[in-house]
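Heads up, the chain shows up twice below as structure tokens, two forms, tagged structure 1 and structure 2.
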Structure 1
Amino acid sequence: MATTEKMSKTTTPTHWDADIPVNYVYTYGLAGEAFFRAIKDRGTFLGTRCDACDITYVPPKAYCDRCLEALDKYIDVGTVGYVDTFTVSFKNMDGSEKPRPRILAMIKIEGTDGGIIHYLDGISIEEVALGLPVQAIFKPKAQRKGGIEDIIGFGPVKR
């Protein structure tokens, strides 16, 4: 009798259901702490720069991943950037329709090599384009907790 035959004529298929009941609390690390403190307290973005490799990291990194040198001088890079790429999301995680489509974009911060992924706010599907200048919109200071959700989204640049 072949193995497959032995294995197929013995029982009905059944299964066992369970989950893994753990949760996580993350610290932001040395550079992440500085980045989210600046968002929370001052409503601005920080970066770090490696002169040797000519890279400005946003969000900041504590080290340059090209040469592993320490980067501990934080620079204020402001909140203005441009749309590097974007996608339009029509559905929720569970597959249901969103009441209105939302645009998720990679925002490159002006004058840096880094970017932040976030929603666009106050920019329509007709208006969005690669290279469109945008600016971060923060929650009111009192509501900011020091996290990526302190940013409501990126909207038109205020002149």
Structure 2
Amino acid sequence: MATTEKMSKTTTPTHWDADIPVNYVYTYGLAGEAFFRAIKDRGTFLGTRCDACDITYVPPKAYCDRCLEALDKYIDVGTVGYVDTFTVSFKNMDGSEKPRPRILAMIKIEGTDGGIIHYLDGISIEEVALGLPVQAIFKPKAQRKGGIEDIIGFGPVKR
């Protein structure tokens, strides 16, 4: 049956015997584009704030999850946060051993209600702990392309 034919028996199970071509272009959306542009151009994170709900979203959102208020003012929230939770990976996706374990953490960005999941860099398994202060490490500006890969990881806070 072709896709243009009318289905007359809607209760009879059917199936599709062909490939379904799916063509799409993924976009970050307005808030995501602002977030990744700030990483690329300035090496910082942006958030959006809902004053009515007292929430600062990182990554930014176009609308508040609670009250659905439009959020169109972006604020620079910096690059410092703390380890909220973490896991250590000893194996690759294929089950082989990693050359060295990798620590993947949820980093809550300081002063916000959100955060970023990324690798820790320059922090050993023995050093990592909940609440550990960390800051983003970015690729050199000339190498940034405006994506999550522009963040090398999160490392010790430089004082």
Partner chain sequence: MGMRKVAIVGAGITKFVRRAQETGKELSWQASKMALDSCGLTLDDVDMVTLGTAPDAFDGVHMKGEYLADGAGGCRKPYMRHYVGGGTGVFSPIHGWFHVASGMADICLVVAEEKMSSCHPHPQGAFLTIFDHTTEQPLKPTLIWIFALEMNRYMQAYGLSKADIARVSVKNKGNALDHPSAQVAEKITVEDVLASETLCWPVNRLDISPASDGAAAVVLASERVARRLTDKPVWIDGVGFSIDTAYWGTRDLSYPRYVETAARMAYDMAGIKEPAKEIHIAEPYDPFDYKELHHMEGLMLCPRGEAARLTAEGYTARDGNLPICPSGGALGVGNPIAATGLMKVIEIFLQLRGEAGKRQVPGKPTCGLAQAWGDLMQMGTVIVLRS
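All residue numbers here follow the sequence of structure 1, with the first residue given the number 1. Quick caveat, the model's predicted, so the values are computed rather than measured. So that the term is clear: the rigid core is the largest set of C-alpha atoms that superpose within 1.5 Å between two forms.
Student: Can you tell which of the two structures I gave is the form predicted together with its partner chain?
Tutor: The form predicted together with its partner chain is the one given as structure 1; the other form is structure 2.
Student: Does residue 142 count as moved between the two structures, where moved means a C-alpha shift of 2 angstroms or more after fitting the rigid core?
Tutor: Result for residue 142: no, shift under 2 Å.
Student: Superpose the two forms on the rigid core and tell me the Cα shift of residue 22 between the two structures in angstrom.
Tutor: A shift of 6.1 Å at the C-alpha.
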